[in-house]
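Just the one chain here, laid out as structure tokens, in the form predicted alone.
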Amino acid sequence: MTSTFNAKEFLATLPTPANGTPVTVAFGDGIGPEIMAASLKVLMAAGARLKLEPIAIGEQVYKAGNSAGIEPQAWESLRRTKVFYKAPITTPQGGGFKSLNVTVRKSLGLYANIRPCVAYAPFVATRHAGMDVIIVRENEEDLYAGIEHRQTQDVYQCLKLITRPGTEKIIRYAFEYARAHGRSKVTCFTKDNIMKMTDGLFHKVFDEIGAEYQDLDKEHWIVDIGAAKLADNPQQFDVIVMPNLYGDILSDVAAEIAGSVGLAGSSNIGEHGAMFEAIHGSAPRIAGQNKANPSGLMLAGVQMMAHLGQPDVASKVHNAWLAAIEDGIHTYDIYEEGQSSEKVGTMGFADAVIARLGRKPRTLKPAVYDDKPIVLATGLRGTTVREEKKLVGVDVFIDQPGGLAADIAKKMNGPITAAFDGLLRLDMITNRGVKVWPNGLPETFCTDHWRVRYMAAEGKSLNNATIAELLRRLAVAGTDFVKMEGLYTFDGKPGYSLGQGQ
């Protein structure tokens, strides 16, 4: 298929059930039209009760001048159907184009990304026969909040946002998913030995909510050693829940070590809708060549059918897919001489699955779906408990090329702090997070981006007027400040980190 592919003409060739569930469909870019056509052909042949609404998204919309990659009428369809079956898209490089995947997930509140990573040994090459891991990735927060700034000539910033309500939702979903699918253990990966507040919150909430699930085993790993163990011995894991960035990276790693990223589908679930997609990209280099493996999108379609309350179709398609894989009917990406029996193209694989509808695999574990719903989080703790918040200091970030920390301290102390009659003191200066004043080390490498910390005197607290006056005086003194962060205590506990070396 090429860029001339006509979605409406293709959809007209499919069965049209009288009472189909409305589903928004996007054929995407690159290999998207090919694998979506193959996947829909299989689903409908299996008796899927769907009413399909095609929308245009991705490259053609970007190139028409829409930096979001999606038009208003497409949003209308998504908000009406609340179910999105999406092929991969291409986001143009440069030009300020935003990731459509992230936009849809966040705009519709699709906070849970579920990615099954399963090995199909001996029929698909893998070093980890028996691997069957579910990655549950938080979908809306973390560094994927997409809040970035260039602050100086040399320094760029990306904000990592972790919220208690967002964390509670994803942790609760992971435990409910495990319980609903007969899983026995939930593992949490974070880096809270370094990011003690953000990842620390994720770990804390995991422990709090996990205590409510006495029927499930719980464990936590620091993400680096956890990732190493996942790559070396994935059989020791069952369901893994992670913040956004770690989950994005490690779900791809897990899918690849299981057999191929091309075999992995995913679902994105929220209170107001769901999106189903393959985890791989649009692969424009093989587009239109009838080579692409439709399995990832096809298995995402299986997840969609289970979500829509059609477990009969989900089981039928998944088992036929397993039978095709077991019979050695493979696309080029997983074809292996001596193991595979036939190399097929995109639509050829779809036809092989259709020919096996009604069959179950002989060796691989048959798929069984029911209509048991996953309980979504309600009654979030984060919205009900308010702690006493006090402003006790401020970090002022300045752009100062060259110079020494001692010179900056002299400029930003003295008359500046004296004007506040003992209320404020200059506490610390850091560069790239490392304390360079007082008592910094001459070996520390510094850039043009400095954090200058002012703290309230012992037993005192500040207000916004104090901070505004401080910034005014710094501006009069010719200080090029690029950002400030208030330093707060919550019920007397610091809500800010120390400088490295402090």
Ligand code: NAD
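Because the structure is predicted, anything quoted here is derived from the model rather than measured. Note that residue numbering follows the sequence shown and begins at 1.
One more form of this protein exists, namely the form predicted together with nicotinamide-adenine-dinucleotide (NAD); it is left out here, but the text below deals with it.
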Could you tell me which of 166-174, 325-333, 197-205, 386-394 sits within 4.5 Å of nicotinamide-adenine-dinucleotide (NAD) in the predicted bound form, going by non-hydrogen atoms?
325-333
Contact with nicotinamide-adenine-dinucleotide (NAD) in the predicted bound form for Ile279, defined as at least one heavy atom pair within 4.5 Å: yes or no?
yes
So, Asn413 and nicotinamide-adenine-dinucleotide (NAD): in the predicted bound form, are they within 4.5 Å at any heavy atom pair?
no
Taking any heavy atom pair closer than or equal to 4.5 Å as contact, tell me whether Lys86 reaches nicotinamide-adenine-dinucleotide (NAD) in the predicted bound form.
yes
I'd like to check something about Pro284: if you look in the predicted bound form, is any of its heavy atoms closer than or equal to 4.5 Å to a heavy atom of nicotinamide-adenine-dinucleotide (NAD)?
yes
Please tell me which of Thr190, Thr430, Ser251, Asn293 lies within 4.5 Å of nicotinamide-adenine-dinucleotide (NAD) in the predicted bound form, judged by heavy atoms.
Asn293
Using a 4.5 Å cut on heavy atoms, which of Ser340, Gln310, Ser267, Thr90 is close to nicotinamide-adenine-dinucleotide (NAD) in the predicted bound form?
Thr90
Within 18-38, the residues having any heavy atom within 4.5 Å of nicotinamide-adenine-dinucleotide (NAD) in the predicted bound form are Ile31
